[in-house]
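As a starting point, one isolated chain is supplied in structure tokens, in the form predicted on its own.
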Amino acid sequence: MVNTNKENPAIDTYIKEFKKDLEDLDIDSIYVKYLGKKGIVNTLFAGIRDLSSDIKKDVSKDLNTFKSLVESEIKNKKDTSDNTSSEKFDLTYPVNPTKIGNLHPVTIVTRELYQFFHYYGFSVQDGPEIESDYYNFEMMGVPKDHPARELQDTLYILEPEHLLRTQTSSIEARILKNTKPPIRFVNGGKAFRNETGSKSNGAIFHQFQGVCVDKNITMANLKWIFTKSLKFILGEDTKIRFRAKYYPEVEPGLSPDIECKFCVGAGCEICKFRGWIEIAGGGMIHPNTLKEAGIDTNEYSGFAFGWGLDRIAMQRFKIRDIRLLINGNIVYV
């Protein structure tokens, strides 16, 4: 402490003022006020020469103690400030990542469907988008002279054997060919067809493929999984109807339609004024496909299905044009 005495009571006043300034002022302002060229400390020392010789020694001692106090406290305040600043602005310190953007609508419904089918014992498989004619067409019951090829006119990488897959059934062909039953898997991915774009169709679209091969599998199993999964992804109030339909990959085949959620069955441009949207297709895997894969059709049967993921996303998120899903519009990306 400063040696305060009755002959130099002003030092006590400066000490009190200094302690208050330590709380109220920033470090630079305190330094200039007390230790600057025209600061309080230098001013007080300059005034010593005007004092009488009998008190000059005591006042000088008090001022030196005061100066030491000021310098010490300023240093402490600066060190504390530097440590706090270092912690606050340490560029190497990990921070929580900032969320930028959202998942694409098709990604959202795909992931939710993966969760649903995983619960019922389906694994997730994948396959190439550039496919061979054999896996894309021939193994699925569509030879080169089959009329169904006209409906799946595709984009060839190298004619006639290498093409962009027209459906995710090509993954089914590969898995069946290389896996022993029981088989149960799903997959979501792109498919490509040479098609004129419209509000409900596109040359690039997304399918969700599902396959189940085991003993005693019937159409009842397929209809149950269709009903359960559609209500899961689109809501329990979703109305579903089944129609018999031909697909070369299956026998027999069916197609589940859902009541259009845009017009609630009244008819609009999205559902082509039918009130219903064709959302998927499937059926019992054709015996010829199972035989081609080396699976004993006397012991095993199975179903396969393919969903239109884009149409699911449209109905789920009320997107009125399928082309918006891939045109880069930031609202949907």
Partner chain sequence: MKVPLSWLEKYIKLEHTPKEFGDIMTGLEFMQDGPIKDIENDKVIDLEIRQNRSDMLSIIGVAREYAAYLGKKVNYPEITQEFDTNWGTPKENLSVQSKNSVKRFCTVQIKNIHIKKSPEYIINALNAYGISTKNNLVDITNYVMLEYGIPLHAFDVKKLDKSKGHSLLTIRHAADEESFETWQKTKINLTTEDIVVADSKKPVAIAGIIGGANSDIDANTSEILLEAAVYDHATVRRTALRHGIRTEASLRHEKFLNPEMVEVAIRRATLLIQQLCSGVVVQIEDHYENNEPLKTIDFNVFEIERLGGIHLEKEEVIRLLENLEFKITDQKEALGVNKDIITVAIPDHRTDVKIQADLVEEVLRLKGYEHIPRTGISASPPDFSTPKVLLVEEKIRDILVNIGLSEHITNPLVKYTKEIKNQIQLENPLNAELDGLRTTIRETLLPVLSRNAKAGNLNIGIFEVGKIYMKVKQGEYNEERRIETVYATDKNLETLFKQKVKPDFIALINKLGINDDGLKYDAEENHLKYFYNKKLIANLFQSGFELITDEISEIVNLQNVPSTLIKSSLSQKIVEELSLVVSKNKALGEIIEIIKSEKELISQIEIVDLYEDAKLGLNKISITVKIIFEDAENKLTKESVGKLKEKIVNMLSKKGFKLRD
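By rigid core we mean the largest C-alpha set that fits within 1.5 Å across both forms. Residue numbers count along the first chain shown, from 1. The structure displayed is predicted, hence computed values, not measured ones.
Just so it is clear, the following notes concern the form predicted together with the partner chain, a form of the same protein that is not shown.
Contact annotation: H286 falls within 4.5 Å of the partner chain in the predicted complex, judged by heavy atom distances.
Among heavy atoms of C263, none comes within 4.5 Å of the partner chain in the predicted complex. With a 4.5 Å cutoff on heavy atoms, Y300 counts as touching the partner chain in the predicted complex. Within this chain, Y134 is remote from the site of the partner chain in the predicted complex, having no heavy atom within 4.5 Å. Here is the short version: of I258, L234, I74, I183, the single residue with a heavy atom within 4.5 Å of the partner chain in the predicted complex is I183. Partner contacts here mean any heavy atom within 4.5 Å of the partner chain in the predicted complex, and among 65-73, 38-46, 267-275, 23-31 they occur only in 267-275. With contact defined as any non-hydrogen atom lying within 4.5 angstroms of the partner chain in the predicted complex, the contacting residues in 216-236 are I217, T218, M219, A220, N221, K223, W224, I225, T227, given in sequence order.
Shown in the overlay between this form and the one not shown, fitted on the rigid core, is a CA shift at K144 smaller than 2 Å.
Relative to the superposed rigid core, the position of the CA of A220 differs between this form and the one not shown by less than 2 Å. Taking 2 Å as the criterion, T98 counts as shifted between this form and the one not shown: its C-alpha moves by at least this amount when the rigid core is aligned.
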